[in-house]
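The form predicted alone is given below as one chain in structure tokens.
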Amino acid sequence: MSKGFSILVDTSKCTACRGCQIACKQWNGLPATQTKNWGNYQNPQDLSAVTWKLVRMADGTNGHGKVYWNFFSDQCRHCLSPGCMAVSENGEIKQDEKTGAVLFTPKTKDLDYQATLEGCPYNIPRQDPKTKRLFKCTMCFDRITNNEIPACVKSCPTGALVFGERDKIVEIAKNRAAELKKTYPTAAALNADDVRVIYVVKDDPTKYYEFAAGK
């Protein structure tokens, strides 16, 4: 039995309302990001030290000319064995034993940023250019340790985000993927046995985002 918590991200139920993205900013007191029109509804264009949750949007056509439009609420996966911790020798990055949340401390300013980023298969950590500190999703550690669900989960109007005990979420994710497979043969629960933020997709992961399933 795996201890701690997990989040299910059922992309088949996501409408790209971006409520989760805004809720993350509001709860964590993160400032707005200067944006521009870059030819995609996805905005801002990427994660940053002040954008820890981003609804990625991808469109294209399959081999039969059918158009697809996929939404992917990207964030730290809170891996069971975090690759980012490989460069942390003095407690700069910690994994909370009770919740499983992977936490970056102010001491991350002393880490080699590129080495930390390369250690993450999902391309998540971002560096503040001024302070040099590294930032990412905290799984709303301050909320979940006070019996509250993450802000992003609470904001989701379609039930695409579900939070709970890890073993229960893994079961829900795998059952949901099996259900979707009846209609979408490529459906899967991505890396369910290795991460705490589990994405259920109905299409090829690369049609959502380059790092959707890890590198």
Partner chain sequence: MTNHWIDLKNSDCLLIMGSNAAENHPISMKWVMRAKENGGKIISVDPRFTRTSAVADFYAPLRSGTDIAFLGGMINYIIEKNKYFNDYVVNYTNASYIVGDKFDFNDGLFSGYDPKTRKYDASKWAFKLNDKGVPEADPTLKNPSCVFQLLKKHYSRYPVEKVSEITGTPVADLNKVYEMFSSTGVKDKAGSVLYALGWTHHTFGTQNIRASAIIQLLLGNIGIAGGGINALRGQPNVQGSTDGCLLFHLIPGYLKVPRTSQQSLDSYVKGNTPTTGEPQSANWWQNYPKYTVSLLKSFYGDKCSKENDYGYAWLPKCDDGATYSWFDMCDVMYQGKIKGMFVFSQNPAGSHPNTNKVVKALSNLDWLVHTNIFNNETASFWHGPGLDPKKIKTEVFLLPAACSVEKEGSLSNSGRLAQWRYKAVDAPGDAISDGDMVARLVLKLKELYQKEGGKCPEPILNLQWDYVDEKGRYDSHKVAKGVNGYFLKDVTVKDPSGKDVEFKKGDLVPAFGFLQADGSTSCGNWLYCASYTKAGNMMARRGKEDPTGLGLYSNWAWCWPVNRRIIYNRASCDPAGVPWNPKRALLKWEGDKWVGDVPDGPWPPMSDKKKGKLPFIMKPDGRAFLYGPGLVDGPFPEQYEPVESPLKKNPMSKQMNNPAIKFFKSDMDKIASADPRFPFVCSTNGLAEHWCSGAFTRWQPWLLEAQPELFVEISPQLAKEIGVKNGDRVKVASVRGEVECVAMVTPRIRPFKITGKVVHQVAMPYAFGWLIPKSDRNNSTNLLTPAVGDANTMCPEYKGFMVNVTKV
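All values derive from a computational prediction rather than experimental measurement. Residue numbers count along the first chain shown, from 1.
FYI, the form predicted in complex with its partner chain isn't displayed, but the following is about it.
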Q. With the partner left out of view, is Asn147 within 4.5 angstroms of its partner chain in the model of the complex by any non-hydrogen atom?
A. no
Q. Is Met57 close to its partner chain in the model of the complex, meaning a heavy atom pair under 4.5 Å apart or at it?
A. yes
(Q) Can you tell me whether Phe71 touches its partner chain? I mean in the model of the complex, with a 4.5 angstroms heavy atom cut-off. (A) yes
Q) Hey, in the model of the complex, does Cys17 get a heavy atom within 4.5 angstroms of its partner chain? A) yes
Q. Using a 4.5 Å cut-off on heavy atoms, which residues of 26 to 47 contact its partner chain in the model of the complex?
A. Gln26, Leu30, Pro31, Ala32, Thr33, Thr35, Lys36, Asn37, Trp38, Gly39, Asn40, Tyr41, Asn43, Pro44
